[in-house]
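The chain below stands alone and is given in structure tokens; this is the form predicted alone.
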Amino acid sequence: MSDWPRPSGRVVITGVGAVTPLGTGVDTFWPRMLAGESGVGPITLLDASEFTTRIAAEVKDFSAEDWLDKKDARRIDRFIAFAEASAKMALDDSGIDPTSIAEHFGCLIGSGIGGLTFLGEQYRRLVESGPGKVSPFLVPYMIPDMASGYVSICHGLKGPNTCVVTACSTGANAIGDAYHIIKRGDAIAMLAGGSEAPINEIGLAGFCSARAMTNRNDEPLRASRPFDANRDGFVMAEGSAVFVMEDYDHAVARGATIYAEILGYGFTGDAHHMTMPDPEGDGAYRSMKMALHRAGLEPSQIGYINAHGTSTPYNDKFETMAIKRAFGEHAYTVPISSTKSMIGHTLGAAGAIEALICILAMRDGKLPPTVNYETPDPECDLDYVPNVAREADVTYSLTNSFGFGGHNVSLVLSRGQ
């Protein structure tokens, strides 16, 4: 193995890629998001007629054959295909040659659920035709770490190869953990992010039974309504986002474009309930305070917050409480938006997609709206950038991600130079 370079202690983002319900690729989805468009509609990936929720935010413009060889494209689970597509976009965008530092280039792409569609298909084969008809690829295409595994194989990444599974905070945890890997010198660069494809029979049935999703089946465009008084649950979604994260000195030496720098990573546990957030928002508060402390910033320096904002009665209320506690009086002046109002909740990919949205907002000086904000909730009384995008000069932003199991993650990012 070649000599290990001395890390700079700074970690930057030099390439981005995304697959979302508003389009594949940043140039496609970002203008639609700023326009306040919704990617929610009737479910087409399965017959949802017997389910209580029959709408979701599906990825419509994606063909696995555009990104993978034909054999893999036909059989691989959708969450792995999303991850590879996003990784290819990020590498192309960065201009980095991963083979030049293969031993120092790692991969950390998480998934909250993994290959649930492939698992469901193979279970049907087991029941209908017996164990001999179950695919030998069941285990590798089902397990959540295979997004990282497959991407690292495709691109010859021989550095740290690992995975995070922390429910809906997965994507943010993956970015934060990759940040630490580079910061301590275990890699020069990482592909990091999250990918999820949960829109299938068992995934939909599970969340319907948990009564966590909206039942606004007749008005899908208005169904996801974070912080609105009439919110009634989240909209399931699919997608992915992957970043090239890189040691600052290495990025500068090769003349890379720097989108953003990771300044702070906070992660805490609620120790309260399997699915319900802490009623005081304590874990969310502590994750934000930790991220701000690690970044060396005062709350007043944050110019934008991308909220977890799921459109569920409890999450939005408790996150608002936590922001007030963490930011004090600045909570009432800092712009906050939940982009889940447009693309739904991508579960394990959400933290990565929303970190990307923070980066693009800082780059362009434009904040995406929280659409469907019609009836104010007295318990959610902050500035949620209602319904229309807003221009703003933002140097530092914060994004929140929270997950079942009491996981809380906050990331602080600064605008690229």
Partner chain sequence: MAADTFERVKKVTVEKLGVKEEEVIETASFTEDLGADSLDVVELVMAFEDEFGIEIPDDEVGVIKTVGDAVTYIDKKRG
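Numbering follows the first chain given and starts at 1. As the structure is a computational prediction, the values presented were derived from the model and not from experiment.
What follows is about the form predicted in complex with the partner chain, which we do not show.
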Inset, instruction - Consider residue 135 of the chain shown here, and say whether it contacts the partner chain in the predicted complex, taking contact as heavy atoms within 4.5 Å. - result: yes
Inset, instruction - Using the partner position in the predicted complex, report whether residue 294 sits within 4.5 Å of the partner chain, counting heavy atoms only. - result: no
Legend entry - residue 273: touches the partner chain in the predicted complex, heavy atom cutoff 4.5 angstroms: no
Inset, instruction - Would you please decide whether residue 299 lies within 4.5 angstroms of the partner chain in the predicted complex, comparing each non-hydrogen atom pair? - result: no
Legend entry - Partner-proximal stretch of 136-144, 181-189, 284-292, 204-212 relative to the partner chain in the predicted complex, 4.5 angstroms, heavy atom: 136-144
Legend entry - Answer option from 254, 325, 125, 330, heavy atom within 4.5 Å of the partner chain in the predicted complex: 125
Inset, instruction - Taking the partner chain as it sits in the predicted complex, which residues of 84-122 have a non-hydrogen atom within 4.5 Å of it? Please list them. - result: none
